[in-house]
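What follows is a single chain, given as structure tokens, in the form predicted alone.
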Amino acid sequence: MNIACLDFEGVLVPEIWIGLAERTGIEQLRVTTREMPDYHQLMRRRLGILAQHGIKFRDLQAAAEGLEPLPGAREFLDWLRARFQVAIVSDTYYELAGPLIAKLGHPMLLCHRLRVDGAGNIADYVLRQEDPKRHTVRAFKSLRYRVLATGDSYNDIPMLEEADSACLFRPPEKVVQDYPAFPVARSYEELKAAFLAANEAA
């Protein structure tokens, strides 16, 4: 049996931190794993910027609530869930993703947690586990699933490398150059074709 593992931000929904950058005008918050592959370095940078500017958890939450899924994402996800088991494997946080997950019909989401202090500041982040995307694929494979995966950024590469079949979805050109072995889908129709081809090749 096949299971499809999808990244969240950049594949199904916009980048939440970029949404916060647009709401606050703080351009440094536009940096994502597309530009900074080291996730811990990226999050320490983000938390420092939030503290410097007095940005609270409620501000980040409002940015997430104000977003909508990418055009065609809900229809694509409905199509995929009718044909495969589906898990969204993300480096986002449950405290932020809830409204967007609801707009996508409540698919399974595996991600992390935020720690918010009594003053409403984001004090820290808690990973579900280290190298979570790779370990998620390994766990599904240990259950005898065949894993098909897609993502758009550097933090998705461990998931794609571990999957039985994988492709990049609308990645930045630098990721394509650094990982030329992965095929690239530029639209949901191309992504559908990639999943169907991987399924037929099983």
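Fair warning: this is a prediction, and the values are worked out from it, not measured in the lab. Residue indices: 1-based, along the sequence shown.
There is also a form predicted together with another copy of the chain; it is not shown, and the following applies to it.
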property: Proximity to another copy of the chain in the predicted bound form (heavy atom, within 4.5 Å), stretch among 33-41, 58-66, 155-163, 134-142; result: 134-142
property: Contact residue in the predicted bound form, chosen from G72, P107, G120, P99 - any heavy atom within 4.5 Å of another copy of the chain; result: P107
property: Interface membership of A82, another copy of the chain in the predicted bound form, 4.5 Å heavy atom rule; result: yes
property: Partner contact for A87 in the predicted bound form: another copy of the chain, 4.5 angstroms, heavy atom; result: yes
property: Contact label in the predicted bound form: A201 to another copy of the chain, heavy atom within 4.5 Å; result: no
property: Another copy of the chain contact at R128 in the predicted bound form, heavy atom, 4.5 Å; result: yes
property: Members of 1-17 lying within 4.5 angstroms of another copy of the chain, judged by heavy atom, in the predicted bound form; result: M1, I3
